[in-house]
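Listed next as structure tokens is one chain, alone, in the form predicted alone.
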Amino acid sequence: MTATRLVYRHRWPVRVMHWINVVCLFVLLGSGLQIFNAHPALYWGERSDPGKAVLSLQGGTDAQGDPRGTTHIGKHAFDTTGVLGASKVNGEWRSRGFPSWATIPGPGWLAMGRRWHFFFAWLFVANGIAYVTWSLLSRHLAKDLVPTRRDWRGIGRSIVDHLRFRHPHGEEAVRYNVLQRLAYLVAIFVFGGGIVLMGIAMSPRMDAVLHWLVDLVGGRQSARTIHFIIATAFVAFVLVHVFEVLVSGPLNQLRGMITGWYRISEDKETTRHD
């Protein structure tokens, strides 16, 4: 026999800044792909040499004259017609890196895509600074995100539980487990900090101030490639995050992140002793 009760899991600053990040990341991804489509290739170093692309998305036609999209990764080529390299826009085949449904604000509006990207990038930065500052002052970082010795000792069990889709119940469900803590720390400080720094390194206006950062990564094209890699890692993080929400009770998780209140189940006998 089990009973359920509501506990206050997420404080309002966490919830507000979480949803600001959701909007920012969504727009940044779509507008970033819009900008990338202007030159759908990545390089390493200072210059963009067409013959030395790390990754490129190319469109064209095959021997029969049919549209063909090709993704080149180093010396390897893959047919990605319909998704990457060549896809339909308003029912017509076009040579384009990413499909129109993945780009913001439209199929080919580069200037506005850049404006959207820069605006939400600075909003993302401001929100990140506010979150880190609040986390330090409120001790949210130390209490809820930095793994404890107990967390490190239980990391093996946590990995096994996640692989078996076993999720904690009762009071254990209220606190972040060690894998969540590590994932959030990486997303905040490695992905968040890295993607912002690489974005700054790509800006010609910042070159005079932070030229050492451009030199550190090997050139502006290298910064663009790292920026793209971190963005891809952010997408992977979000997909895993959403998957965990779905398998661990989406309604309860959404209520917790919207209202702050999270429902937990516990043994009735334990409840009476409390």
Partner chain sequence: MTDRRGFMRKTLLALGGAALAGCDRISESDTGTRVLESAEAVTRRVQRFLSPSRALAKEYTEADISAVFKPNGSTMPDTPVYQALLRNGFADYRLEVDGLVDRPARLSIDELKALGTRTQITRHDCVEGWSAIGKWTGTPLSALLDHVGAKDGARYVVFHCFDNYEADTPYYESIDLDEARHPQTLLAYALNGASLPVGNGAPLRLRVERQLGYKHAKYLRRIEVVASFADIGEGNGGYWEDNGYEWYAGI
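Just so it is clear, the model here is predicted, and its values are computed rather than measured. Numbering follows the first chain given and starts at 1.
Unshown form predicted together with its partner chain; subsequent notes refer to it.
Heavy atoms within 4.5 Å of its partner chain in the predicted complex are found in exactly one of 156-164, 79-87, 96-104, 181-189, that being 96-104. At a distance threshold of 4.5 angstroms between non-hydrogen atoms, R68 is out of contact with its partner chain in the predicted complex.
Among heavy atoms of D49, some come within 4.5 Å of its partner chain in the predicted complex.
Its partner chain is not shown here, and in the predicted complex it never comes within 4.5 Å of any heavy atom of H241. Although the partner is absent here, A111 is a contact residue: one of its heavy atoms lies within 4.5 angstroms of its partner chain in the predicted complex. Interface residue among R175, H72, H140, R115 relative to its partner chain in the predicted complex, by the heavy atom within 4.5 Å criterion: R115.
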